[in-house]
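A single chain comes next, written as structure tokens; it is the form predicted on its own.
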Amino acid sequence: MLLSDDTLEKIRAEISRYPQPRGALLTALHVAREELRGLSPELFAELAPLFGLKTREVAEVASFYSLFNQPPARAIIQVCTNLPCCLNGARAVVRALEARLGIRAGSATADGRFALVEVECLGSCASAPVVQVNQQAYLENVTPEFAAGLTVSPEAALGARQPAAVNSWFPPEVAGYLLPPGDARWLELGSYGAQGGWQALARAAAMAPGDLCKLVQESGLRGRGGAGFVTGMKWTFMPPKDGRPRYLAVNADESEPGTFKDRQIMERNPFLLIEGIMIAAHAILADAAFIYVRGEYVDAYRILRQAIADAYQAGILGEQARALGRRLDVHVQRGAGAYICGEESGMLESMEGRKGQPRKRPPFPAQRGLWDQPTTVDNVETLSHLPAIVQNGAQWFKTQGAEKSSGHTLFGVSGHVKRPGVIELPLGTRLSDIIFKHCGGLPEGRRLKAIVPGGVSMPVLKAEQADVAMDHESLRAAGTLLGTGGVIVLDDRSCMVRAALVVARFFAHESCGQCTQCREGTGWTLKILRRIENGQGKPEDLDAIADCCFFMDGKCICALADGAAWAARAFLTQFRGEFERHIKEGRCPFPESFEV
């Protein structure tokens, strides 16, 4: 036997939480990897009987997720090299580590002490560059000098700590209801209850589920996960109660580069999310909720699990859940490094212990979701608005934002600003105010050049478009979308070909490969952009990029290919002159630009 009795007991306890054992497979792979420092065919064979699977089925699942496919080593140093980290010097960090370790990124030292891996967005964009060693807490605002210190020994790397200060807030003129004030963290039941916690749950529980759905629909709350669908309307898609189990699936897998807002709620105000989950569970008559947290969010996962354990201990969850008078269970699952699992049906597949490849629809989750049962999927921030809506009413919520984009939202701002972070503001706030008023503007002597307004899937804007209101309708009129509210600011030193290249690399890496247009289109887009950046581009390459975008957009099972096409097309359209200069001059014409 490879696994200790203690690890096997942890796995069996996790299995007991799910309707089908396979739901615990990713967690089992995580704990096994932590004990054995790697995965192997022998381990897959040992795990398979616990889940009623064949060895090859366990191996197939493990092969899909990036966290399970890193070079084995005692200390795996992972450096985020997506756009916000690139803008703040991630390449210099990688170079310093390569020089000290004597290896290239993507490999391990011969003695098995260290491995160095470049990874996609880690979800801490305001504290870039970011490094993670194994599954330890993030090292933030990392310099090449600090990174070099990690190479002294594996123990030094695993014991290193460099957390960022709290970088989420709401300004004095905004009455925040999502974030605690200042640097407060409401991590105990007492501190949350002292702020009026659980009052909204009591009020919601006194309402009929249909009336609660109507209230949320009238509030105009739209999903904060990217699509912006009306939440209360989504809830009405659930079929009438018919004796089958019903589930709420909570998407906490925010992996869109530039997006790090849900992490702030989970790490600073976890009971707000739990209360929101309980309100939604009452509205849709759910028997249980399952929260899918991205695998890299180790602090959020730990804090959320402790908050849920405390809620069970206090009788808020469990056999007679507070105010609901019936059983309600809430469980947390860990992802394993796959952006595609942020897509709702890909997430459901992963939650069931499979590869996170999106499902063809229909049927939709409300009819056949988790374990083939009626399921509503909502995002962390979306659910966290519910206590305020129930407590203050639909009309109050509609006064907090724009006409068709109600309420506050959490804008995550990163890149070239003096004060990056997550800011709670009303929807409809001007983008220019977010950048210059709330985030202090750009570094001295620099001018604004471009803004990605809602995560890298959303089409880039030029500096002259910065006065746009940050709501769904205004951004759509400007040719882009609100997305996740992840704002990435680029100054006048920045090369737009390089920015497009970094984004294209992300989509090519994260495509699940299920759809030919996505698998091939993202790969070809990346290949062409690399050729242009390397000074080997040809004029016809620009038409080839446009063709790739055409064949991806709207042609696949999920929206990953759409996002890849929107991003590449917008960079090319908005900054075509820069692409042409790269081709004509055979080099990057921006010598001060960030490195890729």
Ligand SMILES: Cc1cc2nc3c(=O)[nH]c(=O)nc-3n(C[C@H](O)[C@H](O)[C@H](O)COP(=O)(O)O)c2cc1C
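Each residue number is its position in the shown sequence, starting from 1. This one's a predicted model, so the numbers in the text were calculated from it and none came from an experiment.
This protein has a second form, the form predicted in complex with the named molecule, left out of what is shown; the following refers to that one.
* With the named molecule left out of view, which of Pro72, Pro163, Gly440, Gly223 would have a heavy atom within 4.5 Å of it in the predicted complex? -> Spelling it out, the residue with a heavy atom inside the cut-off is Gly223.
Among the candidates Ser405, Asn379, Ser474, Ser168, the residue which, in the predicted complex, approaches the named molecule to within 4.5 Å (heavy atoms): Going through each option in turn, the one that passes is Asn379.
Is there a non-hydrogen atom of Ala394 within 4.5 angstroms of a non-hydrogen atom of the named molecule in the predicted complex?
-> No.
**Report entry** in the predicted complex, Thr525 touching the named molecule (heavy atom, 4.5 Å)
**Finding:** Taking the distances in the predicted complex, the answer for Thr525 is no, it never comes within 4.5 Å of the named molecule.
- Query: Looking in the predicted complex, any heavy atom of Glu254 within 4.5 Å of the named molecule?
  - Reply: Taking the distances in the predicted complex, the answer for Glu254 is yes, it comes within 4.5 Å of the named molecule.
Would you classify Ala544 as touching the named molecule in the predicted complex, given a 4.5 Å non-hydrogen atom cut-off? Ala544: no contact with the named molecule in the predicted complex.
_What I'd like checked is whether Lys234, Ile340 and Glu344 together line the named molecule in the predicted complex, meaning each has a non-hydrogen atom within 4.5 Å of it._
Each of the three qualifies.
For the chain shown here without its partner, which stretch in 50-58, 532-540, 557-565, 33-41 has non-hydrogen atoms within 4.5 angstroms of the named molecule in the predicted complex?
-> Careful reading of the contacts points to 557-565.
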